[in-house]
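A single chain comes next, written as structure tokens; it is the form predicted on its own.
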Amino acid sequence: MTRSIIRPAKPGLVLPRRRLLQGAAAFGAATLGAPFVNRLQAQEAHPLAGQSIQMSILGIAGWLPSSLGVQMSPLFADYAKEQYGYDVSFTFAEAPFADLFQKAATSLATRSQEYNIIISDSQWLGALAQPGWIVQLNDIIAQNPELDIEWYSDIVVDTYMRYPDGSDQLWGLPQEGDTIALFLRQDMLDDPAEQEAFQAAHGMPLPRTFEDYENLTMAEFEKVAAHFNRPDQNLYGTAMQYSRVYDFVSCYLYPFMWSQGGDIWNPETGEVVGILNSDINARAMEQMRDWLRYQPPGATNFGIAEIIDVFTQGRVFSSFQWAAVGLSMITPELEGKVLVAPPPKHGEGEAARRVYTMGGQPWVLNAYNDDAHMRVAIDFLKWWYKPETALEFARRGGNPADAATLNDPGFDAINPWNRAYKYMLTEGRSRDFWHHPKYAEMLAVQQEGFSAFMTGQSDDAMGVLDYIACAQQQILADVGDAPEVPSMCYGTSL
């Protein structure tokens, strides 16, 4: 069979150097060859001095990291007034995870600058870049050294900035870094009676510290979850996300697959058949479904909000949850009672590995911004990555991703989840998935199939994987980014 290679993405808008600074030129600023930072140091007037600009950010409804950008915007307004001499105010539009892309796309397709800055999910980079809706940032970064930042790990660039995968094209800058963490009731772990009972039952100490969980496997953690699983007391061992909504079940199933050597596609050829539908991945699906025995009734509908509810209500001993919602997970009543640790490894002995799904979102810039709004957007991003701003973001509950902030000696102590977040942001422990423009279609068929298996609508894990793999490769083949599906796909269904 002839193998086709994924074609280069259609070029999005790469903002030329002239456009980046033409606002300054219009006001009689220095030549294009003089970097903006040097002009500031020379105390030359900002091209927007004396003006009032209103900016709009589109973000995720009910998601603290998104709202923090606007909550902190008055700090930028003060900074802009003092440093640049212009007035700026921000409005915030929002939509839930499942609806945000469509809200952005509907506006951008009309070439509107309704939303000047957008908080995008990382998987949308290709879908936003390919039609030219957002700005490629390479030139902006080159012209603004403040944005040429050392990130904590290469995962940050691969997840929030780069499209196509493996290229040098940058389209986003991290707004919120995020990884999966394990939230546990420290007060229950510290109970001497629980420790004694666990030791007697399993011949091993009850894991109680970050270091204990750093070395724990899923098989070992199952003993802990089972120990605290007490349905007659309305207490369950753990909670994971199984919901069909958006990407919830996918993000929580992937760690079972990746950590045990499974994969989901070949990004160079677009092949999915023979990769996603593997024995490793079929066993991973069965393993994740088996974990429902330690979870509350209705767990197959659990997403982010439901996990927060059962943990804060004391209905579960532990939860696999995004570090980004740590502030919601650890309520004032639970302060000092929660340990946030790395989620367990999969496998046994030296072969045990943990590879979990990346979360988080990048900032992207509307390609249809006029010169004034584009200039303010760039000023805002430069302010956002100032060390003092990044630390303030962390203090308010956000997760910065730059090396300087995460390596600060005091970073781990700012929030209870910071150490686990940073640990999982290290190379090899987390990874993102497709950034392809057909992301939404590939995700929809996958969520349908995974949900069907987790809810018992299908008991054939390999059959579900065959269906998903064939459907996804056909989606890619229809746009020339994958080979035609093999004959085994004909007639495949759930």
Partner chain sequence: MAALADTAALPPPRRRADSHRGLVFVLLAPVLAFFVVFNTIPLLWLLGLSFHSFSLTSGQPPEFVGFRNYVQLWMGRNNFWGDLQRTFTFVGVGVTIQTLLGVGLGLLFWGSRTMPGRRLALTLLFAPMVLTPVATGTFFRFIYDPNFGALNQILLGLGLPMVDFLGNPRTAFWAVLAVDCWMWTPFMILMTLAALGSVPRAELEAAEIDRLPFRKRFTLVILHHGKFILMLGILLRTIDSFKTLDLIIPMTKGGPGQQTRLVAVELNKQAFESFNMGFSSAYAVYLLLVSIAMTSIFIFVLNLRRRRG
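Positions refer to the first chain, counted from 1. As the structure is a computational prediction, the values presented were derived from the model and not from experiment.
One more form of this protein, predicted in complex with the partner chain, exists but is not displayed; see below.
Novice: Residues Val245, Gly298 and Glu448 are flagged as a possible site; in the predicted bound form, is every one of them within 4.5 Å of the partner chain by some non-hydrogen atom?
Specialist: Yes, each of Val245, Gly298 and Glu448 comes within 4.5 Å of the partner chain in the predicted bound form.
Novice: I'd like to know if Gly428 sits close to the partner chain in the predicted bound form, meaning any non-hydrogen atom pair within 4.5 angstroms.
Specialist: Result no; Gly428 lies far from the partner chain in the predicted bound form.
Novice: Since only the chain is shown here, I'm wondering whether Tyr467 would be in contact with the partner chain in the predicted bound form (any heavy atom pair within 4.5 Å).
Specialist: Yes, Tyr467 lies within 4.5 Å of the partner chain in the predicted bound form.
Novice: Even though the partner isn't displayed, in the predicted bound form is Tyr86 close enough to the partner chain, meaning a heavy atom within 4.5 Å?
Specialist: Output for Tyr86 is no: heavy atoms all beyond 4.5 Å of the partner chain.
Novice: Determine whether any heavy atom of Gly69 comes within 4.5 Å of a heavy atom of the partner chain in the predicted bound form, and answer yes or no.
Specialist: Contact with the partner chain, no.
Novice: Going by heavy atom distances of 4.5 angstroms or less, which of Tyr294, Trp322, Phe302, Trp171 would be at the interface with the partner chain in the predicted bound form?
Specialist: If I apply the 4.5 Å criterion carefully, the residue I get is Phe302.
Novice: Just to confirm, with a 4.5 Å cut-off on non-hydrogen atoms, which of Met55, Ile60, Ala452, Leu48 contacts the partner chain in the predicted bound form?
Specialist: Contact residue from the list: Ala452.
Novice: Please determine, with the chain shown alone, which of 129-137, 114-122, 355-363, 338-346 has non-hydrogen atoms within 4.5 Å of the partner chain in the predicted bound form.
Specialist: Within 4.5 Å of the partner lies stretch 129-137.
Novice: Pull the contact list for 100-127: residues with a heavy atom within 4.5 Å of the partner chain in the predicted bound form, in sequence order.
Specialist: The stretch 100-127, when checked against the partner chain in the predicted bound form, contributes Phe101, Gln102, Ala105, Thr106, Ala109, Ala127 at the 4.5 Å heavy-atom cut-off.
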